[in-house]
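Single chain ahead, by itself, as C-alpha cells, in the form predicted alone.
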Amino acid sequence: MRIWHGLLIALGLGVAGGLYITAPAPLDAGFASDHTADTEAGALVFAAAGCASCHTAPDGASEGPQVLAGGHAFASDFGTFYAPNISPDPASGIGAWDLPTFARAVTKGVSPDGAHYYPAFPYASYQNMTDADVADLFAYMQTLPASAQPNQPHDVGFPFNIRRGLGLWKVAFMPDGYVTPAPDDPVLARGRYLAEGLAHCAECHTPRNAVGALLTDQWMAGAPNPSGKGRVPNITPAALDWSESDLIEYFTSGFTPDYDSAGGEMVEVIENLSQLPEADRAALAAYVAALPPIPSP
C-alpha cells in the first residue's frame, strides 16, 4: 500500500512539475510603461517584421493600407498552419487586445487565453524586439483597416495539436535571446537586431531538427524550402561572396551582382526592406557579411 501511495505522490509531483515547466511565460511587469507609442516608427517596425507578407489576405488588394485578414496557408512536416486575422476587428482580429496581450503574443508566443502559439509564428525571433518597437507596432496596427474575416483553424494532427506540449518545446529548443555574440560595433548590433529580431531571417535560412527547432550551429547556412521546391540559400560567406554594397543594393532593389533579381518569397522581403532607412539596410548587410562561414548542410 505504501508503495502505491509513494507512486501516486511521485506521479502527482511529476504532473505538477510538468505543468509548471510547460506553463506559458508571463510578460514582464511594467512592459513599455514609460514609452509613448509612435505610429510612424511602428510603420517601419511593421515593414521590417514582414507582418503584411504573412497576414494580408491572399486575394487582398495590392494598393492602399494593408488589410491583415489572414488566410495564407503554410505547409510543414507537422501540418498546415493558417495565418490568423490580426486586423483591428474586435471579434475576428485583435481589436479587443490591449498592449500587454499583444506583447505577450509577439514576444512570448502566448494567446490571450493563455495557450501556446505554434512557432510558425516567429516569436522565437520577435522575443528580441525592444519594448518600444512592440508598442509602436501595436499602435500602428490599430490604424489599419479592420476585417471580419473568420480565422481558419490549423490542420495539425496528434500529437502536435496538444498545445501544452509546446511549452516543453519552448524550454528545450527556443533560443534564449540572440544566437550570435554581441558585437562592439553599433552598426553590427543594429544589423543583429534586425536579422535575428524583426526580420527573423533565420526562420527561413537556418535548417531545423526533427521537431522544427532551428539548428543554431548551422546558423543561416540554408535550409529546405518548406514548400518542398528547392532550398532556401546559404547566406553565410561560405556560399555568398557578395560585398556589403552588393547586399545593400539587393535589399533595396532586389537586383543581384549578377544582374539577376529576387524571386519567390524574397520579392516581398525586398519590398519590406526597401521601406527601411538606408542605414538599416547597411546594418543588415554588415551583419550578413560578418556571419561565420558555414558550409551548406
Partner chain sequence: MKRIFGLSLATCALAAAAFAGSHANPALEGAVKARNAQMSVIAYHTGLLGGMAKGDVPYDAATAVAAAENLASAAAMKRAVLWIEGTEQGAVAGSRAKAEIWSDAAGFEEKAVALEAASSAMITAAGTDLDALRAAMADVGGSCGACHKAYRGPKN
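Being a predicted model, the structure only gives us computed values, none of them experimental. Positions refer to the first chain, counted from 1.
Keep in mind the form predicted together with the partner chain is missing from the figure; the text below concerns it.
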In terms of non-hydrogen atoms within 4.5 angstroms, which of the given stretches 37-45, 256-264, 232-240, 24-32 touches the partner chain in the model of the complex?
-> 256-264
Partner proximity in the model of the complex: residue 252 to the partner chain, non-hydrogen atom cutoff 4.5 Å | yes
Those residues of 168-207 which, in the model of the complex, come within 4.5 Å of the partner chain by heavy atom | none
